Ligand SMILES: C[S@@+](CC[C@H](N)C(=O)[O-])C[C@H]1O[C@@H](n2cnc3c(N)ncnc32)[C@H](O)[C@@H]1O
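Read the single chain below, which is given as structure tokens and is the form predicted on its own.
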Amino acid sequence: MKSDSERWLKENAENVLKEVGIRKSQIVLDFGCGSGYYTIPAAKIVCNKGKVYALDKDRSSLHEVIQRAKSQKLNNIQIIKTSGELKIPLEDESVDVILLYDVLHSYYFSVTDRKGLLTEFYRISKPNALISVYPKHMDSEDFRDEMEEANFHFERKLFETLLHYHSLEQDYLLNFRRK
């Protein structure tokens, strides 16, 4: 019997991320990528002409991403190790899609830090870039207001089957666009 994580990767992930708006040849940042359960399917979608930056501060999780990418012969993932600093080492207006899945809640970042990160996301995102958020442990309306204040406009809310801590569950994603 397959685990939820295996089912996610084999049956749900690519379809969900395509529905979110990831397309071939895009540049994607998976911020707080963990073990790569969103990174790997995103890399498959963007193909070799695209790239996925997998950013996390947990070295063992990044090692898992590298191993998973090698086992699937994916060469379009670039690992970014961070110590939790608010500066993202990418060029201005260089990213088409930013995935913020279960990472921006107050457990990890204060309101001030989130505002600093949103400024960074704005800096690295191309005009009209997609920012997709899984606000699992946040008040969606409060976060929506924070995004609007940072010059990202709300585009749509999606109800999808998502992977959260190795379990499949139905929940909402919020998509925003850089103004």
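Don't overthink the numbering: it's just position in the shown sequence, from 1. Since the structure is predicted, the reported quantities are computational estimates derived from the model, not experimental observations.
A second form of this protein, the form predicted in complex with the ligand, is not displayed here; the remarks below concern that form.
- [ ] Mark Ala129 yes when one of its heavy atoms lies within 4.5 Å of a heavy atom of the ligand in the model of the complex, and no otherwise.
- [x] Because no heavy atom of Ala129 falls inside 4.5 Å of the ligand in the model of the complex, the answer is no.
Open item on the list: Within 4.5 Å, heavy atoms only: does Phe159 come near the ligand in the model of the complex?
Closed with: Heavy-atom contact with the ligand at 4.5 Å: absent for Phe159.
Open item on the list: With a cut-off of 4.5 Å between heavy atoms, is Phe31 one of the residues that contacts the ligand in the model of the complex?
Closed with: Because a heavy atom of Phe31 falls inside 4.5 Å of the ligand in the model of the complex, the answer is yes.
- [ ] Determine whether any heavy atom of Val103 comes within 4.5 Å of a heavy atom of the ligand in the model of the complex, and answer yes or no.
- [x] Heavy-atom contact with the ligand at 4.5 Å: present for Val103.
Task: Listed range touching the ligand, judged in the model of the complex by heavy atoms within 4.5 Å, from 50-58, 145-153, 64-72, 118-126 - done: Result for this chain: 50-58.
- [ ] Counting only non-hydrogen atoms and a 4.5 Å cut-off, give the residues of 156-179 close to the ligand in the model of the complex.
- [x] Residue within 4.5 Å: Tyr165 only.
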